[in-house]
Each structure stands twice: as C-alpha cells, then as structure tokens.
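First, one chain by itself in structure tokens, the form predicted on its own.
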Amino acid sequence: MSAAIPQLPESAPFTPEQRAWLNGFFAGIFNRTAIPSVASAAPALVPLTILYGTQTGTAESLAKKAAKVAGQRGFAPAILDLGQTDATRLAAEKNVLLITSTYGDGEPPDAAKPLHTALREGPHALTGLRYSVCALGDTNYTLFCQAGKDFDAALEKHGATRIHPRADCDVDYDAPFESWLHASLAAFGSTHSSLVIGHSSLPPEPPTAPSYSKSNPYAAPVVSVRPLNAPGSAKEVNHIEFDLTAAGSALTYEAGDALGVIPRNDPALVAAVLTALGADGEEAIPTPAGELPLRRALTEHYDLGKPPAPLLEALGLSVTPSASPPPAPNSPPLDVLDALQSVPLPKHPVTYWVTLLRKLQPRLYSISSSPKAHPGHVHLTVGAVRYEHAGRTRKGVCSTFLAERALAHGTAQVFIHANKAFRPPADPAAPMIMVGPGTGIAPFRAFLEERATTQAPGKNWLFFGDQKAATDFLYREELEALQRSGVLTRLDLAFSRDQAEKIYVQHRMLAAAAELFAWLEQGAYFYVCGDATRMAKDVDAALHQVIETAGSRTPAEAAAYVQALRTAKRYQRDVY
C-alpha cells in the first residue's frame, strides 16, 4: 500500500501558485515523477515605481528599504528620484509609492520642486495611476508633512486612485513607515516572500564588525569642545570633536554627510519634571532599553521638549506652541514642564504620564571635517540655543548637551547619516561656490579641507557672514590660511552689525554678480547651507537676480537656468 501524498492545507501561509508547486513537489517525491519547474509556476511580478523626494537622504534610504520589501512580496520595484520624474512619465505609471520629506516653510525637497509645481498648475490625466504617499516631517513645524500632503492631494485631483491612506510620519518614523509600507503593498496585491527549498552548502559567514545606525548608535568618545566666538559675542557656537576609532567602530563618512547625535536631557529640567509629577525618580519605568528608574528614563529616552498632543489632551490643553523661539510672552506651553505646571495634575500613576511622552530623537548636524584631513575623527560646528521665557531659561536639548555636559560625560551616542545629495564636485577641477553664513560654514570647512588634502585644482569661493567680525568670524585663522595657500580663491564676508546698514551674504553675491555668473558659466557648482526659511530663500532670489543681470536673462530664462543647475546637481542645498 502506498503512503498518502501529503497536501498543504488551504490555511498554509503561501500563495496558490506556491501551494500548487509544493504539492507537486511532494507528489514527485512520493510517485517518483518529475518535479514541476519553479519558473513555470512562478507568478508574474507586479511593476511598482517608488518615487522619493529627499533633502538629506532619509527619504532615499526609506525608498531603498521599500524596494527590498516589495521585491520579497511579488513586485518588480524601480526607484526614482522625484527630480527624474515629470507629469508625462507619471501618467505612464501604474503603481506608485511616493515618499517625500518636507523642509523649511512647508516646501518640497529641491529636486521635487518641478513636479510639485507641475502637478499644482496642471491639468494632467493620471486616471490609470494607483498610488499611496508616505510623508516625512516634524510636528515641531507648523506645516507638518506639507509636501507629502500636497503631492497626495494633487495626484487625487488629477484622477489617480489612492489605494491606501497617506501616512504622516513624525521624526520617529520607523514604525509608521513600516505599517504604511506593508498595508500599501497589500492594497496593491502583494504576495508572500518567495519560498526557497533546500539549504546552503556554504560555511556560515564570519562575524562582522557592529553596524552602527540610528537604532544602534556608537558611543563616541568626546575629544574636545571649544568655543568659536570671541568674548562679547551675542552667540555661542562650539567646535566639537569625536573619536570614531574606539572599540574598532570602523565608522566612516564623507564630506557632506551629517552626524546624528542622541542627546541627554538637562538634569535640572529632569529634576523639575520629577517635582511636577510628584515623583522621586526611582520609580520603575518601561523604556526602549528595558525597565529603568524614572530619572534615567527621562534623561536618556523621553522628549521633554514640545508637549505631544496626547499629553495636552490629558491635561485639557489643545493649543500648539510656535516652533520659532523666542515665543511671545503669552504663548501656550513650550515644553513638557510648562504643560505639567499649567494645570493641576489629575490623579494618575506616574507611568501614565510617561506613556504620553515622545521618544527622545537624535539631532542631525552637518559634519564640518573631511575624513581625509582628520582620519578617525569627526567634527561638528554647533550653535547653542538658549533664551529666557516665562521666568525660566530654555535650552536646546542637544546643542546645550554638547556645549555643557558631553565632554564631562565622556561619550555621546552618534551615527553617520549619509547625504549623497550634498557632495563636493566629483571633478576636482570644477569650480565651487559656497554660501554658508553662521553655522552654515560647517560643511564648507569639510569641503575645503577635502580639496586641500587631495590637492584638487578647482577654484573655491566662499561667502560667509555673521553678526560681528571681531567676535563671530568662525574659523577665521583656518580660512585665512586657506586663502594664503591658494586653496580658498576668494572669500566674501558679510557682518551684518558692523555698520548701520545690515549687510548679508546675498548682498555680497549681488555685488559680485558679474564674476559669480562667470564662474557658473565655467561649470561652477553652487552650494548653500543654513536656515531654510529666510537665508536660503534670500540667497536663491539673489542667484536668480545675478543670472538675470549679469547673464542678461529674463526672469523666466533665469528660472530655467537655475533649474538646469539643479538637474545637473550643480545647485545643492543643505538647509533646515
């Protein structure tokens, strides 16, 4: 009597095609018949285009993760920068996942602006397109996830079909992104991962060095913290150096990348929050790192800045504070302590209040060193945020952690955040124009160090500005030495408070319009780093005016010229 041929139950976690192939496989084993071909039974892959708009690299990284998961779920994914896509190409797509960040005053990333404008101005026929949007943002900003919201609404307006609701992700985006991705792929009609039969005859791979990341940061020894402003300055900017060689970290970076720093909250603020909660700090609290005493949990794991919506709702407060300090005297709660002190606390266990807080997030800072000039070390240029409000000194959580306590603590939790969209020219002979007032000087110090170390022959022009030359000329000795050596071809300075009329970097650009345009015509790359809402907009307007006046272009022709620079990756911005 022959044994019964096993059959997979309908409830088995496989597609019908995979179940049929496996049943055929078992039949072949028992009946000695030919095993069916995997290729003949494999379902056709579903085409999927993953579009991303990124300013600092996060959306691109998530697009790559989405493509990897989609490939395991029965799709044939293709990844495209939004800058590589126009409305005509979009109309030819069938299935699209769109992942985009928002920066500045609700703006889309630079590369995404042409498509953003085209979809806004329309009309376009996108009736054959199915899509879902993942918007990346920060609830500390009023126009939270605005670029993603704009794309979502525009696609729907032009007839595309939203197959899954948009996800609006805050800075702690990992979990909502994954939830959105899996739900969207399911809505598109995904399958389970391909089944692999058999085992590898290869020996197990040897253990590798730890892979450090946002979820697994590196405890970098803090080598030095020194002020860059002279006494009497109204600002406090520090130069901070970290060692990347301890414990064989093998961390590497490139000029243009950012360093993520996971801060620790101010002990004085933690103590005040404990008092407001009526706690002694020894209460056991669940955290991402396991159960910890409340004081340590509040110091290392929970955000005590802008009060989250659940906390405000629990306290009967619904207002949202301004994102730009210093606020107005009558502004609503600025931080968790303000909120806790604003009304009598309802009777709840302390763990209840902690569960309403957000996870403490890393801060990204433009790296101000070249790894070629400082092997094994990484430098930052960080302005400490401090202001008075409602009788209390307010402090930037990470900027003052680095300024006041990081050196004494000994280490800081860090990781490298790659920014492939912000790099020195690949051609060492290409001219380079850099506009970086204040701490915007950071990546350009790295660019200049890189060019000096590699002896790149290209010309280099820096526009730098701040308040006063006597106190705020950051890296003055280094920049003047680079001038003397010929690495820094030209240095234009704008110190706004050294004369009655305020002068900024954009004014220096306009004064040098003829030469600036000549450099652009010679193939120069144009870089901007710093504040997105004011400085970067003013510099962009000045760039258009330079091209109009020195290049004898109409406003429309100047706009096309600037867009051509962006498309060629010759206009790059690291703005925030």
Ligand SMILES: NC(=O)c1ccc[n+]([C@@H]2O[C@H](COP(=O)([O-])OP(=O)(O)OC[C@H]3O[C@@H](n4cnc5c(N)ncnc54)[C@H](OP(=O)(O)O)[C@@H]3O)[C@@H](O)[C@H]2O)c1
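This is a predicted model, so every value here is computed, not measured. Throughout, we count residues from 1 along the sequence that is shown.
Below, we turn to the form predicted in complex with this ligand, even though it does not appear here.
- Contact annotation: this ligand lies within 4.5 Å of heavy atoms from the stretch 432-440 in the model of the complex, the single such stretch among 285-293, 182-190, 432-440, 121-129.
- Checked against this ligand in the model of the complex, the residues Leu274, Leu337, Val385, Val487 give one hit for a heavy atom within 4.5 Å, which is Val385.
- Residue-level contacts in the model of the complex: of Met535, Ile50, Met509, Leu520, one residue has a heavy atom within 4.5 Å of this ligand, and it is Met535.
- The candidate spot formed by Gln467, Arg497 and Val505 is fully in contact with this ligand in the model of the complex: every one of the three has a heavy atom within 4.5 Å.
- Proximity of Tyr141 to this ligand in the model of the complex falls within the 4.5 Å heavy atom cutoff.
- In the model of the complex, at least one heavy atom of Lys235 sits within 4.5 Å of a heavy atom of this ligand.
- With a 4.5 Å cutoff on heavy atoms, Glu548 does not count as touching this ligand in the model of the complex; it lies far away.
- Residue contact with this ligand in the model of the complex: Asp540 places no heavy atom within 4.5 Å of it.
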